[in-house]
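Below sits a lone chain in structure tokens, taken as the form predicted on its own.
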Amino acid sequence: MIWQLDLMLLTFVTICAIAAITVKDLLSAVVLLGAFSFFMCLLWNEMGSVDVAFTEAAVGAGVSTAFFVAAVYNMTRRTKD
């Protein structure tokens, strides 16, 4: 394991998590959560757990993000802030 790469990926994961919590727009939050899942996939792969990384990529970054985007587009906005 390359500790510099692990630290960089962990930093990106933390930034994506904090940004997804603080952003006001739901679609932006969904995109940030997809990026979070992608960076977690890279982190799992770097740690040597390829099966968990593949599952995270397929389910976390792929299917869940698509379902969340579909759910956001089917919602109606109540306010315009």
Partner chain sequence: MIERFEDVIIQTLCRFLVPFMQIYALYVIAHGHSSPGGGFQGGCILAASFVLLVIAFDLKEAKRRMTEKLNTIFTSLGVFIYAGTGWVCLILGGNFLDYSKLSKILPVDSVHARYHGMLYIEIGVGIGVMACMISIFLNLVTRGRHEEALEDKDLWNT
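Please read these numbers as outputs of a predicted model, since none were measured by experiment. Numbering follows the first chain given and starts at 1.
Just so it is clear, the following notes concern the form predicted in complex with its partner chain, a form of the same protein that is not shown.
Judged against its partner chain in the predicted bound form with a 4.5 angstroms heavy atom cut-off, the residues Val50, Thr55 and Ala70 are in contact without exception. For Val59, a non-hydrogen atom is located within 4.5 Å of its partner chain in the predicted bound form, even though that partner is not displayed. In the predicted bound form, Ala66 approaches its partner chain with a heavy atom inside 4.5 Å. With a 4.5 Å cutoff on heavy atoms, Asn74 counts as touching its partner chain in the predicted bound form.
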